[in-house]
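Just the one chain here, the form predicted alone, laid out as structure tokens.
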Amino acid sequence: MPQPEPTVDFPRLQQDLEALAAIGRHADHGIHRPAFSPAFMDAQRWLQQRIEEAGLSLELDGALNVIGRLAGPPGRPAVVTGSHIDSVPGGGTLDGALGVVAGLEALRRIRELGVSLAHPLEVVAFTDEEGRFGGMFGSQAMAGHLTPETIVNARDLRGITLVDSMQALGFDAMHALRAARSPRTVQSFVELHIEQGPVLDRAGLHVGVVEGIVGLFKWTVRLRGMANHAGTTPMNMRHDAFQGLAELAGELDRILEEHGGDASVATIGRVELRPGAANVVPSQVEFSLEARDIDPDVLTELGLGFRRAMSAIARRRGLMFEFDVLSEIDPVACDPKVLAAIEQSADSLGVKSQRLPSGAAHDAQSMAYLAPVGMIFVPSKDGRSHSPAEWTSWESIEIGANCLLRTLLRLATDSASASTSATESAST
């Protein structure tokens, strides 16, 4: 008679989630743990202590990624899980944190059960996934995507540099270059996360199997016109920078329809007007423009479409147009074998799962450059996230954590992949 598949110690998982949620919580009930802040560093220390108490080996790499490791056969690549514990200002308790704490619980439970592994297991809390300094710093460092130039130029919205922020804590930001890992050291990566969208909640499902993660480009755009008196300058003689922005905003749907796909979205989320006086025609508007899609070719077409539209608007209104690229993240397709392991694990729990894309960026995108990746979503009530209103039922959290545990076991006890990895390692 087959043995039942293992489950997490759910009361212990609850206790850890609640303990982490207390770090950086403000009076608004939101979590304030931006990367390298005092609250973030407190959370890092809490996690390191929990890893050591679990009997796992602990590493803090040059990017301040916290890594817990359960040893397996020497020389074989690790099955890795994890997410992040930094937050946006006023964020929710589960965004990122769920994947880290559930990953820790999965490794802790596997160690307690004494499972014979074909691959080591690792849980990682990646640094600055929320992009205080512009990108997914920790996972990009591990994937080898950082350069000295990107590190030196990284700064937050207040102008504080990454170099100064880490130096104030006693760390050298350039050591993040040492965090890069070889693909030979990672067999696969699985991330558990709340959906941050309404699909699972509306469908009444506990598990989402992510097929792919959207890519995006994010620009800072400037339209420059001419300041003039708001009462004496006729409308047909104005070079009004804000009118240029207003026209572009009205064109968003058309640009998406002509150049995008069904999953395309675009957002103007930040606007600054100059000189910013009620009686002066605006001479400059600076704004953010972000577009996302699952298809890299569609993203390229969207970029061209926006540039053409802004050039035409600037020409008609006598404006100058320029933009800076803040970030570009490629879309990622999740691996069929990892998807199958997730679906088999959901089936073993007796729950229905649904395949869906991720409209948000995640550390799994960076890790896809090292190894096959997959993601497990659990529902977020009404799709809320990046907000104190973010909420997921304990039932869904327990199911998601058990799905992660069983997925990791399927990948880390796969003797066929271990043999393949050993052969590949011997031939390199």
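Each form is matched to the other, and the largest set of C-alpha atoms that superpose within 1.5 Å is called the rigid core. Keep in mind that this is a model prediction, so the values were computed, not measured. One rule holds for the numbers: they count along the sequence shown, beginning at 1.
One more form of this protein, predicted together with another copy of the chain, exists but is not displayed; see below.
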item	value
Segment that reaches another copy of the chain in the predicted bound form - one of 274-282, 111-119, 176-184, 137-145, heavy atoms within 4.5 Å	274-282
Single option in Arg132, Arg292, His206, His259 placed near another copy of the chain in the predicted bound form, where near means a heavy atom within 4.5 Å	Arg292
Residue among Val265, Val163, Val221, Val351 with a heavy atom within 4.5 Å of another copy of the chain in the predicted bound form	Val265
Contact label in the predicted bound form: Arg307 to another copy of the chain, heavy atom within 4.5 Å	no
Residue contact check: Arg202 to another copy of the chain in the predicted bound form, 4.5 Å heavy atom	yes
Non-hydrogen atom contact Glu195 with another copy of the chain in the predicted bound form at 4.5 angstroms	yes
Asp253, heavy atom within 4.5 angstroms of another copy of the chain in the predicted bound form	yes
Another copy of the chain in the predicted bound form - contacting residues of 202-236, heavy atom within 4.5 Å	Arg202, Lys218, His229, Ala230, Gly231, Thr232, Thr233, Pro234, Met235
Per-residue C-alpha change between the shown form and the other one, His239, threshold 2 Å, rigid core fit	yes
Core-aligned CA displacement of Pro282 at least 2 Å between the shown form and the other one	yes
Change in CA distance between Gly261 and Gly208 in the predicted bound form, which is 3 Å or more, as closer or farther	closer
Cα-Cα trend for Gly99 and Leu326, given that in the predicted bound form the distance shifts by 3 Å or more	farther
